[in-house]
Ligand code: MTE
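Single chain ahead, by itself, as structure tokens, in the form predicted alone.
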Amino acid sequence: MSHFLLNRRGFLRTSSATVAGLWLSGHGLRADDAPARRSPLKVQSESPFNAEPHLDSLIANRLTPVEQFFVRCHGPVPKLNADAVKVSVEGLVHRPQALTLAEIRAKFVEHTVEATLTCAGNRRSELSQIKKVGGVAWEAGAISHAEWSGAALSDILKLAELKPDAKHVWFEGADPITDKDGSVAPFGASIPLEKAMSLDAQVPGGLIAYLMNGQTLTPEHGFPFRGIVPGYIGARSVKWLNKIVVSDRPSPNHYVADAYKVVQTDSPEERAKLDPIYEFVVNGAIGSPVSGATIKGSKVTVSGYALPTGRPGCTIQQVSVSSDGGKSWTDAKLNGPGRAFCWQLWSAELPVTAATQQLTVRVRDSLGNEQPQKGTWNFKGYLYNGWHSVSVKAGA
């Protein structure tokens, strides 16, 4: 098992090679724009640990290497023994379960699917430029894409035999989180039963995953098993999963009942009236060139990621890029297959003049959802998806 980030302070002080291909002169960038060596993640907070990859490295691979995958924690990373940990299945079921990792692997068909995880607060730092918001100041790197292997949540629920009034599935993790009042509770989530039981194009609505890109999960990514909910914000894919509860209502856990809602104020009354965030929204960002880069020559290769709305069957339809502030647009080439619940990498060649000061991308998905020119401000800084731009300097 990889122990990347277990000793993260030491590791992140060491260097890893920058992806050289992103800095070749063919991309229209000067060699001196590229740092020679750097850590794979930019740390946003040490305790709890939160970090995101450098965008230019992130978009170099369709499947994000584990060491570059963003890390989102709400509390300390628990130290768990895979042989001792069990995930219970209880609530509105006829046959409660308590399953070890070995039992999950032995009893259920293994599904392997690709799915993108993105934090609901991805690009929050841009939203703060409209009006300051709290929370982790994510740039555009709180998103990553991996291949996940594990048991379908629906298969586990079928084994437990659901009762007729079952409508929601709750998840609880083993991570202890201390609230402002000193109380301690686990991180939790819930999803509608319809999502939990769905099977869209052989992609389970939920997965109890134990492999990530073919490797045992690392501690920071949920070892020994975690939930994966394709198409939903990362907060619904609970790490260090140890309890599944079937209920007739959404979970009362703080991260469902109060947090991860799009609100305009800090009013408890407003939060109580609104539904939790489930599906992620259409989004896109430029990964290369990086902001502040000097463009050499009359053309530049621009590349990045695009994310369709997290609804079944929805894929990226079009990515358009501009080098003149949105006066004219060039359609980008979509690289690799377009799949539901998955990002799409793209690239385009744009003209550059002495007047070029920024590069901009906008994205449209197959359901007609488009990135707005400016995203909507909200109190917690969630789901920002305005056009993404990077500033550049035109060079000789």
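This is a predicted model, so every value here is computed, not measured. All residue numbers refer to positions in the sequence shown, first residue = 1.
The following text describes the form predicted together with the named molecule, which does not appear among the structures shown.
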>> Quick check on residue 279: any heavy atom within 4.5 Å of the named molecule in the predicted bound form?
In response: no
>> Contact with the named molecule in the predicted bound form for residue 119, defined as at least one heavy atom pair within 4.5 Å: yes or no?
In response: yes
>> How about residue 74 - does it come within 4.5 Å of the named molecule in the predicted bound form, if we only consider non-hydrogen atoms?
In response: yes
> Can you check whether residue 239 is within 4.5 Å of the named molecule in the predicted bound form, heavy atom basis?
Replying inline: yes
>> Taking 4.5 angstroms as the heavy atom distance cut-off, pick the stretch from 38-46, 343-351, 365-373, 63-71 that is near the named molecule in the predicted bound form.
In response: 63-71
> Of 123, 226, 195, 145, which one comes within 4.5 Å of the named molecule in the predicted bound form, counting heavy atoms only?
Replying inline: 226
> Considering the named molecule in the predicted bound form, which of 256, 235, 307, 286 comes within 4.5 Å of it through any heavy atom?
Replying inline: 235
> Out of 167-199, which residues reach within 4.5 Å of the named molecule in the predicted bound form, heavy atoms considered?
Replying inline: 173, 175, 187
